[in-house]
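In the form predicted on its own, a lone chain appears below as structure tokens.
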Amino acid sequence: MRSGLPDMIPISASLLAADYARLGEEVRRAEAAGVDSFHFDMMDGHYVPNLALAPDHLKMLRCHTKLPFCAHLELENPDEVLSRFKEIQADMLIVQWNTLANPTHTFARIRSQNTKVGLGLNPDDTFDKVEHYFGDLDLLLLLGVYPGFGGQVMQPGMLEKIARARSLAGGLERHLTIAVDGGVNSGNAVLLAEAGADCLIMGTALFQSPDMAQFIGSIRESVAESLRR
């Protein structure tokens, strides 16, 4: 079993795939089914060709659950909106690598708001410059698809990329969570965990499952069994 792996692999529900007309109910349904946190894809129509959730969604949904909220800022100007999340108290802010002019400054601002720091990498982003900042992060988000739309098929090469990230993070003083988002489903969850992912972000596969609790339980059981070998 991989050292440091939790008994049950964390699963975060990506609300991009939820029913927007029933978001409060969807949050409660996912929590009852056993998810560990909620992932908010925030898109501005510029960085990606789509519009999605906004800071007010975190504020409105906070009363429906006490689980952590992770806001993924798929925006051209993340530094200009960070202060919007201070009063909302997002548990984690994830910014995209190719939107940062000064990563150290951005990470420090996020941390000053008593918020965890996450960094997102697109499928074609490499680690040559990024690994320098691993020590500043709580979470590294490896995107299996190009951001913008849910329901995409995972890009090739993700298992190797996850394994490389886990290897690079091995020398850090504290554990760096490696999360995967985009195309995660029951068919690849075990392989992703075996490669080194220790958080799975799931949207379409999760919210379209006939029985969400059974779906989550089956994935966790399969992952745990595989990693015990």
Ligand code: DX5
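The first residue of the shown sequence is 1; numbering continues from there. Just so you know, these numbers come straight off a predicted model, no measurement behind them.
As for the form predicted together with the ligand, it is not shown, yet the points below apply to it.
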| task | Would you check, heavy atoms only and a 4.5 Å threshold, whether Phe134 touches the ligand in the predicted complex? | result | no
| Quick one: is Gly150 in contact with the ligand in the predicted complex, heavy atoms, 4.5 Å cut-off? | yes
| field | Thr204 within 4.5 Å of the ligand in the predicted complex, heavy atoms | value | yes
| message | I'd like to check something about Asp198: if you look in the predicted complex, is any of its heavy atoms closer than or equal to 4.5 Å to a heavy atom of the ligand? | response | no
| said: Partner absent here, but in the predicted complex, which of 187 to 195, 58 to 66, 170 to 178, 35 to 43 has residues with a heavy atom within 4.5 Å of the ligand? | reply: 35 to 43
| Which residues within 130 to 144 place at least one heavy atom within 4.5 Å of the ligand in the predicted complex? | Leu143
